[in-house]
Ligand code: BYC
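What follows is a single chain, given as structure tokens, in the form predicted alone.
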């Protein structure tokens, strides 16, 4: 679908100076006609492709959103990856390894989609590693027990699906196409997490209590991960106007609550909200207040695991430099061989 971008951008100053970025898009004398085409595509709910003209603000918004989405996938490997060595059976270990690999693949799809907008992967990773870019607040919480892994699959991935399915209709083509595959895999992850919890709920009283404890830990952070209320969401109006965001934060959160309540009953757990109740008139569930002070504290880097997650991510990137160097050396060797072969054939 996209290049894996093993070939890094050129490092000489002249090439870097001429490389496009989200902050400095070269002036296009066709901008007027380009704007007309862009507006027509928005009105028709069509797709904008990388070669199409687009407003700089649209490009910048996409780079911000797609790169933050990619960062979330990569950072999100850590809470579950911590349990690979301690999974309770070979079956659970294999399932968890496959899931963590999927999340890494999602990050690659998304970084590649963002690269089509003229921002290099190096730029995006540098923004992440220097804490200039954000990722989902949900991944800054600890996973102290095995049940947390299942709850991440059931609740966190379930919330992700609710949020990401509308992105399959995003007006930016590469992002929309990447999301189709990602959503299919996330749906599988959600079902796997629910199955793991169901198995534990059929076990000992201690196992059932472990599941309930994990649900208690994750319920409110999961509701907050949909983002602030619509009245406090600074980017929602713009992204909605451009067809990037299709459903508001509050509507997505409501849909998630309504879908999750019956699942919790089947599982046999209690959602930790004394205000949670069904409104018979609307068919929707009312729920209690979310602690937005905690949400913003986590977003600003003051969550339980913010520093741990970022430190480990930077360390892994630095330790993997030899792999990237080896891939570059191999690619250079292959290009040299192909060049010699082409010259010999031409002679």
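Here the structure is a predicted model, which means the values were calculated and not measured. Positions refer to the first chain, counted from 1.
What comes next is about the form predicted together with this ligand, which is not displayed.
_Candidate from 239, 82, 120, 212 lying within 4.5 Å of this ligand in the predicted complex - any heavy atom_ = Only one option qualifies, and that one is 239.
*Given that this ligand is left out here, which of 228, 243, 166, 173 has a heavy atom within 4.5 Å of it in the predicted complex?*
Only one option qualifies, and that one is 228.
*4.5 Å heavy atom contact with this ligand in the predicted complex for all of 55, 115 and 131*: No, none of the three is in contact.
_Against this ligand in the predicted complex, would residue 200 count as a contact residue? Criterion: heavy atoms within 4.5 Å._
Heavy-atom contact with this ligand at 4.5 Å: absent for residue 200.
_Test of understanding: in the predicted complex, would residue 287 fall inside 4.5 Å of this ligand by heavy atoms?_
Looking in the predicted complex, residue contacts with this ligand do not include residue 287, since no heavy atom lies within 4.5 Å.
_Check residue 306 for me: does it contact this ligand in the predicted complex (non-hydrogen atoms, 4.5 angstroms)?_
Residue 306: no, not in contact with this ligand in the predicted complex.
*Give a yes or no for residue 196: in the predicted complex, does one of its heavy atoms lie within 4.5 Å of a heavy atom belonging to this ligand?*
Output for residue 196 is no: heavy atoms all beyond 4.5 Å of this ligand.
_Which of 257 to 265, 71 to 79, 122 to 130, 212 to 220 sits within 4.5 Å of this ligand in the predicted complex, heavy atom basis_ = Residues of 71 to 79 come within 4.5 Å of the partner.
_Members of 283 to 307 lying within 4.5 angstroms of this ligand, judged by heavy atom, in the predicted complex_ = Sequence-ordered list: 295, 296, 299.
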